[in-house]
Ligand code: ATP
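Listed next as structure tokens is one chain, alone, in the form predicted on its own.
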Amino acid sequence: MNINFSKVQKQRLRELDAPLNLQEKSFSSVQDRDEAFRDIEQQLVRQGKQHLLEIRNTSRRPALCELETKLTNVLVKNGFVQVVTPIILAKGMLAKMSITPEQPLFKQVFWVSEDKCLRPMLAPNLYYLLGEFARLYEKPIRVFEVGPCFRKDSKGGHHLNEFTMLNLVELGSPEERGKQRLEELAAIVMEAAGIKDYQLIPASSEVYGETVDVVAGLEVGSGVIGPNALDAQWGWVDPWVGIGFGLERLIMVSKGHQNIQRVGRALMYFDGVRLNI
């Protein structure tokens, strides 16, 4: 007779980020199961407390902050200009991205007034800035932004309503190098995130059409090779390459966490550790 952890025990093990193989263990008796649960729980609690002490005693920063710094530094070294744009977005900016009431993403937007919303993506602001920079800078023009985005996303271990995006765009590179350049830019980010095992997989988007997903067990980013049908809305037609990454997903993969809530902005977790330990 195989006896598994109870529903309550499994929930506690998930909260403590126990590996899946431990969560799925089976036992020959209830007594053996309960003893094993106590041992595993105590070990995970000790590990969590040790991690919290290390952060305080070594002046370490949360993984989300450290990753943002790493990505910023490596992109600046590779010739990208960092920009900081508004979090509140005009409805008209979404419309220029083809996000209208008929489009599914429109229903996931957090509206703060009739014509203002919390940005569900960084792309509209970057499109706008690239149109301005195209008059001021020689090509290629390389820009990036790291910042919060908001979306009424589906529930689950891989989704957040408030998440952190990195978007990087290179405008004006030779069109024939688009695929190669997308691979190079993805490699820069994935190396900084400490992820070696990943693939670039063709995909599609209701906004951009043909895209390329960056997959490392789960999708951590999505790239586009332009020109794109949207470009004319913003006043430029040059070839371009862009990728957007979810920082919480990058951390989730690199740290081996079971759900994304523990690495995002939270009150129940701190740097991956459940605080009710």
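Fair warning: this is a prediction, and the values are worked out from it, not measured in the lab. One rule holds for the numbers: they count along the sequence shown, beginning at 1.
The discussion below concerns the form predicted in complex with the ligand, not included here.
> Does residue 242 make contact with the ligand in the predicted bound form, using a 4.5 Å heavy atom cut-off?
Replying inline: Because no heavy atom of residue 242 falls inside 4.5 Å of the ligand in the predicted bound form, the answer is no.
>> Is residue 253 near the ligand? Define near as a heavy atom within 4.5 Å, in the predicted bound form.
In response: Judged by the heavy-atom cut-off of 4.5 Å, residue 253 is well away from the ligand in the predicted bound form.
>> With the partner left out here, check for me: in the predicted bound form, does some heavy atom of residue 93 sit within 4.5 Å of the ligand?
In response: Flag for residue 93 set to no.
>> I'd like to know whether residue 219 contacts the ligand in the predicted bound form, with contact meaning heavy atoms within 4.5 angstroms.
In response: Yes, residue 219 is a contact residue.
> Only one of 175, 153, 191, 183 has a non-hydrogen atom within 4.5 angstroms of the ligand in the predicted bound form; which is it?
Replying inline: Of 175, 153, 191, 183, the residue with a heavy atom within 4.5 Å of the ligand in the predicted bound form is 153.
> Ok, 165, 195, 83, 118: which has a heavy atom sitting within 4.5 Å of the ligand in the predicted bound form?
Replying inline: Looking at 165, 195, 83, 118 one by one, just 165 meets the 4.5 Å heavy-atom criterion.
> Since the chain is shown here on its own, which stretch among 245-253, 47-55, 30-38, 61-69 would lie within 4.5 Å of the ligand in the predicted bound form, judged by heavy atoms?
Replying inline: Residues of 245-253 come within 4.5 Å of the partner.
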